[in-house]
Structures are given as C-alpha cells and as structure tokens.
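Just so you know, structure 1 and structure 2 below are the same protein chain in two forms, each on its own as structure tokens.
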Structure 1
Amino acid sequence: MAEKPASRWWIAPAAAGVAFLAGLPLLLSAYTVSLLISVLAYASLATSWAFFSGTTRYISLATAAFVGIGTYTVALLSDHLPLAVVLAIAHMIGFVIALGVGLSTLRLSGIYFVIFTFGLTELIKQLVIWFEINQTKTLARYIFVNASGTLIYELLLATATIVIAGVWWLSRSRVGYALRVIGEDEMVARHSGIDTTRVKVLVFAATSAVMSMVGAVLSLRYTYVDPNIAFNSLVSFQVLIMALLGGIGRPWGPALGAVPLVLLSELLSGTFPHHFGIALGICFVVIVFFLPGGVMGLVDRWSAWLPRSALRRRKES
C-alpha cells in the first residue's frame, strides 16, 4: 500500500499543468489559442488512434471518416438543439457507426482492414455528396454557433485530458493487456481466453467516438463546411504519422508527436500551402529509417545508454 503514492507522484504536477493550460487563453493572443486548438485536437486524435491501432496493429485509416461524421452532425443539428446535446449526439453516432463497422470488418486482418478503413472515408463522403445534391441541391452547410475560441479550446483541453488519462488507465487494465496480446499474436490471445472480437470492436468504437467528438468541436471554428472539407483523407495520414512520430509505447507519446506536425502544417500553410503532403511523406520516411520507436523510443534508448556510459567511464577511471 505504501508504493501507491510513490508510483503516482506525477498526478499533482499533471493536475497543475492542466490547470495552467486551462488559463492560457487569458494570456495568449487569438492566433496562438487557435494554434493550440489544433494541437489539442490532433493530440486527442493521435492518442485515440494509437490506443487501438498502435496496440493491436490493426491499422485504421478511418479517422477522417469519424471526424467528418462529427462535423456534419453539428452542421445538421446545431440550429435545432443545444450545443451540449449536439456534441453528445455526435459522440453517440460515432460510437454506433464504428460499432457496426467493427462488427463487420474486424474479422479482417492485414492489408484488407487497412483498405476497407481507407475506403470508408470516401464511401461516406460520396453518400453525403449524393444526399446533399439530391435533397438540398447544394453542398454547402453553414454553422451558426456562438462559440468563442476560448470555449473551443477548453472543450478540446478537457477532451485531450480525459483521453490521455483514460488511455493511461486502460493500458494498465485487463483491456490494455488484452489489446497487447492481440497485437503480439491474436491466436494466442484467443487460446488465452480473451474474447478478441468483443475487445477489438468495443475499443475501436470507443476511440472512434472520441474522433467524432473532436470533429464536432473543431467544426465550431467554421462557418461553412462541405463534404470535401469534412471528410479530408489527409487527416487520417496526419494522425497516423503523429502517433508514430511521438511513439505508441506511452500514453502521452502520440500527443507529443502532434506538436511538431501541427507547427509544420502552420508554417507550410503560409509559405508552401500545397506542399504539406510532401512534408508528411518525408516525415514518414524519417520515422521509418531513423525513429522506428518514435521520440519516446529514442528517449528510452538514451535513458538506457546514459547510465551504462557513466558506469563505463567510472570503471575506466
């Protein structure tokens, strides 16, 4: 019992850090708050993606689909319902759709699951385009919600905090251990008594619901959306690379990887707006060849190397 306080010494500093981040909008410019909104959004997306795909090795490229679902939920319902209700509905719709997708596709493995999830974004986008053209006769959806940048920031900060803390807790629970066994060898997981289908489907649905929530909150920044904006396939690849860059072995690794790529996107959008895809490709190559474990993997290797190096120097002296 005496080990618990020592093993959780970081809780108080973490709570203080969250409180500090919550007060930042009072100190920063609107532009900086807007930049932090993107960081928090992608931190939540990358953490959610890594918890399922990074652990089980079922690589999902459906992030953009669920972000778009959240965006369109707000576009359709924000004029009729209170914002809190709309966000809750976006979360629930993302969960239900992901549940159906998971039940029908998580028996697939390898490249087949990757291809299906990548095609899911395009499928939903085309269905939305067909509906808009045939029913509303326009692709435009306007969002008239009185939400300040500070409100959006606080909502995304709360989401990111809950997601990272939840992933940290779940990774140490039976669910986390089950996911890791599935990632190592799914056949062994089945023979160990793990209901692999239930674990995969529920975790996939829960993480996808978070993505829909993030999409719903982000949509409050816009006054206009269309299917091409809401269902942007590049988002799926951005989230994947962010998670790999930060490292999927720690709950906060993917969130760490979101920071440099958001800053890179902001830099290139002003100077080379059509070259971000090239930058993403270069980042992916760098990660594969030089950072296979991401930044957190590099930190772990340094942490293991420095004590050995110091011990070697002491022996030589």
Structure 2
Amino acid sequence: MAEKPASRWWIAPAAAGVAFLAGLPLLLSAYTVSLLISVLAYASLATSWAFFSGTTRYISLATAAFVGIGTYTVALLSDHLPLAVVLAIAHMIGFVIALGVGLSTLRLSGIYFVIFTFGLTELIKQLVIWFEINQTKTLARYIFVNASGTLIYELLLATATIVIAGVWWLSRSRVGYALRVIGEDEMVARHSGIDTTRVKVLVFAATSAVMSMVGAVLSLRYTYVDPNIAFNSLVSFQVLIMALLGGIGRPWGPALGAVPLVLLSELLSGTFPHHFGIALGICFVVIVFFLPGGVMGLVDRWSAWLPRSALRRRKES
C-alpha cells in the first residue's frame, strides 16, 4: 500500500493552496500573521518530530536542544553574516550535532532514550551557560535583524511546505517503510536487510536540522536571547503533545494537532487569561476521553461518512 503510486490529482490544488497561503500576509493584520507564524512553526516541528519519533517509537525530548541550537546560531552570527548564510549554518550545525547524538544513543531504547534526550538538552543548556559566563561575562545575546513578521512567515511557510511534502514523499519511499519496520520490531528490520543504524541516524539528523531551522527563523524577532529561553524544555513537551494530539501515524497528523492546539491556546488565553492553565488542562483530559486517536482519529471517522472518500476507497480496492 505504501509503495503503491497514487494518483497526482491533488498536486495542483496543493500548490495553489501554498501560493494562497504565501499571499495571505497581504490581506491579514500583523497579529494574524504572527498567529500563523506559531501555527507554521509548530506544524513544522511536530511533523518532523513525528516522522522520526512517531514511526520508530524513539520518543525524543531533544526538540528544545535543536531549536535552541538554531536560536543560538542566529544570536552568535547574525551580526556578522547575511541572513541566508546564518540560516544555512544553523541547519548544518543542527544536522551535525544530531548525527553525533544519534550515533551515541543507539543502544538506548524506550523510556531510557526519552529521558536521555531530555538530559542532553539540559546538559547543552548548562554548558552554554557556563561558556557564556566565563567567556562573555553575560548571558544576554541580542539579535538585531531587520526581519518583519511577513518575512518570518514566508520562511516558515517554505519550511513547513518542504517538511510536510518531504515527509509525505519519504514515508511512501523505502525510507519510510524501513522506519515503520524499525518501529514494529527492530530485530525483524535488521534481519530483513535494513541498515537500521544508517536509516535511524540519518532521519534523526535530518529532522533535527529542520528543528534548528525553525528555531533560527523564530529567533529573528526575539531581540533578546539567553540559554534559558533558547533551550526551553517546554518546547519539547509541547511538540510531543501536539504530535500525540494530531496522531503520529501519518504525515498530516502532527500538523493537524499543532493547528488546533495553537488556536485553542490563543482562544483560551484571551477568554480565560487568569485560568488558562486550568482550562487547557481540562481540554486535554476531555480530548483524550472524547476524541480517542486524536485529530486524525476524528478525520477518519468523518471521512468514513463522506461519500466521496467512500467512492475513492472503492476505486482503490
């Protein structure tokens, strides 16, 4: 089923959709654009996170580490190099560090891998703090890049498009198949001739590089960065939650978790500013109990009712 070439009828509408999204900042207020910035950033993060962690079952809490690496690259270099070069470097550093991490954590699995990645993020943060204190005698870094909300939006839109399209394409390729087999049973994967190490490490590095990219782009309007902001573990948890909420089995799932959660948070923090935490917490419990399988589960149940998809299913079978 995964290898089966599908019809390409949707490519034209998808391209039109992206073009429409790219033009949106012309119509919307800066506030709406910045709301969409969050949506796109988290959609990219959750999608790339789930492509590795969701399929292989190696749940990573190192998202914040890679986002932070991107942020710090911008903080260190934005005064000296053109923006495009800085972003490319952020992407590369994320990739290289993730390669190292991936290679050294191969022996770990399950919860041990989860907490290892969490500890790793904290270790990186502590080392950056220590370095800054001893080298620069301040923790504050300033980013004065003249990047408008629109520019950041367009950069993130490009990132999100590439990530989602890439993940969609890869998950239908041999790589995606290999990842799924690893997720099912790593031993079986190895026996069936998959170079599990290579696949895991490369995919981990590639998705981590995306996270660094997102961190770098977002930081363009932070003005001020310090290690506690850059390496904020909360981001790791948020991305994990969004992906779980969306459903991690399919390329669209995580993005479908990110969009409603960002919008829901925005709604709640405006409606119940003093009870946001309580309201959000209750929403989580309600979602788990009444929306099993996350947003993708909901989509599945709805699409079962839609005549068109039923038609398509019949055609496919």
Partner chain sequence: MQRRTVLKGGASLIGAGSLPTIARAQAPKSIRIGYAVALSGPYAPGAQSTTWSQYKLWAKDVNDAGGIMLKKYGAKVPVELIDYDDRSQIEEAIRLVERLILNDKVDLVLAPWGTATNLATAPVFNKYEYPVIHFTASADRVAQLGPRWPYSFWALVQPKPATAPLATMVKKLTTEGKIKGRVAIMHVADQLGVEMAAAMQEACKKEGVEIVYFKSYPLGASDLSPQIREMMALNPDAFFAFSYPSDTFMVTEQSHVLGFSPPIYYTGVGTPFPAYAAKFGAKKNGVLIYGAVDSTAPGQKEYRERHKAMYNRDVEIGSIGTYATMQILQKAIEQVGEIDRKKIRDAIAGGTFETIADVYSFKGQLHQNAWAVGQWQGDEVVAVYPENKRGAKPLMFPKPKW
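None of the values given here were measured: they were computed from a predicted structure. We call the rigid core whatever largest set of C-alpha positions still superposes within 1.5 Å between the two forms. All residue numbers here follow the sequence of structure 1, with the first residue given the number 1.
By the stated condition, namely the form predicted together with its partner chain, the second structure is the one that fits.
The Cα shift for Cys283 between structure 1 and structure 2, taken after rigid core superposition, is 2 angstroms or larger.
With the core held fixed, the Cα of Ala30 is displaced between structure 1 and structure 2 by less than 2 Å. Core fit done between structure 1 and structure 2; CA of Leu264 shifted by 3.4 Å.
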